[in-house]
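Encoded as structure tokens, the following chain is the form predicted on its own, with no partner shown.
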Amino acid sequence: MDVQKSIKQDVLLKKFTTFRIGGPADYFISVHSTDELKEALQYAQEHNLKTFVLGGGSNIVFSDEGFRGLVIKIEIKGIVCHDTENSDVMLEVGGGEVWDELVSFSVSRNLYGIENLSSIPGTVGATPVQNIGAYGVEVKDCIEWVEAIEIQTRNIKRFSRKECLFSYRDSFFKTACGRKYIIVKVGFRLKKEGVLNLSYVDVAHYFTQKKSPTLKRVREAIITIRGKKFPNLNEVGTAGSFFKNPILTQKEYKLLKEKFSDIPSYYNDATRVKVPLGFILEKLGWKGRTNNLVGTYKNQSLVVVSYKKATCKQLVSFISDIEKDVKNKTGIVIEREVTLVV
């Protein structure tokens, strides 16, 4: 690849994010292999350019001013299947593959493990960073290893699941050290004979009214349920759930119960309780609320949406108001899932 010829200038970044917000990148390049990525990184180093790595743009908001440097879009594709000794199947997947297409691929081949993560936007390379999760499943449960390139040396390193330091919507790749790496490939261990996870209330309820659950029907159920909760990306911009669900101490949870006696909890052990932030936001009057060209979705208050010509400045102002309101009225400091590149 001739990097110099492949690089484009002043590329509008809003076209590459699901929020449809963001100004131009000084320089922009798409890479389709690890060698092309290494070349792009070398070019950036030689020209003293700051870099930013972009996948599907489903968890990113760029500033209105754009990005002063080189944006590298990962388009590394490929899915390779390997049988294992214990009848599991290993999938080696390029970081640029579309996540939901991988889920569809696995379900079509009767492989269990990621079906509950259907319909989540973004690319495979982004899933370990965020440790995406939904409907009782986290992607860490199926990840065997992650392959990444160290930005400065351009050396490839394979991280084991343990080395990825997965936790709730978090991983090693979100740390200062982890941000020095770019994920190029992910290894997933899926099962030929798995157990369907129907633990999430909405999923269990779906199958009380529908046919008996199968792998394919669980995927269909998740797509249907998400379709009712999340907006159509063809109509509005969004990154889905904007904030993490709070994990509280038992003392904090007790105080919250005094304010919202009917608040549900996802798990409740001796020390911690996870509560649904969407419930709290709805109680505080944020569901379906708008300000300028941004707001919360009418069907799910945890989902922040943007409308045509919305700006990052408007978005930041709106989410800051939400964070302050929750802190003032409940004492909870909420965390963002979406990354703001400002």
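Keep in mind it's a predicted model, so treat the numbers as computed, not measured. Residue positions are given as counts along the sequence shown, with the first one as 1.
Beyond what is shown, the protein has a form predicted in complex with a small molecule; the following relates to that form.
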Looking at the partner-bound form in the predicted complex, is Gly295 within 4.5 Å of the small molecule by any heavy atom?
no
Does Ser106 reach the small molecule in the predicted complex, with heavy atoms at most 4.5 Å apart?
no
Check whether Thr330 has any heavy atom within 4.5 Å of a heavy atom of the small molecule in the predicted complex, and answer yes or no.
no
Exercise: Ser171 in contact with the small molecule in the predicted complex, heavy atom 4.5 Å
no
For the chain seen here without its partner, which of 192-200, 233-241, 78-86, 155-163 has a heavy atom within 4.5 Å of the small molecule in the predicted complex?
233-241
As a check of understanding, the residue in Thr311, Ser58, Ser30, Ser33 with any heavy atom within 4.5 Å of the small molecule in the predicted complex should be identified as Ser58
Gly133, Pro246, Gly187, Pro213: which sits within 4.5 Å of the small molecule in the predicted complex by any heavy atom?
Gly133
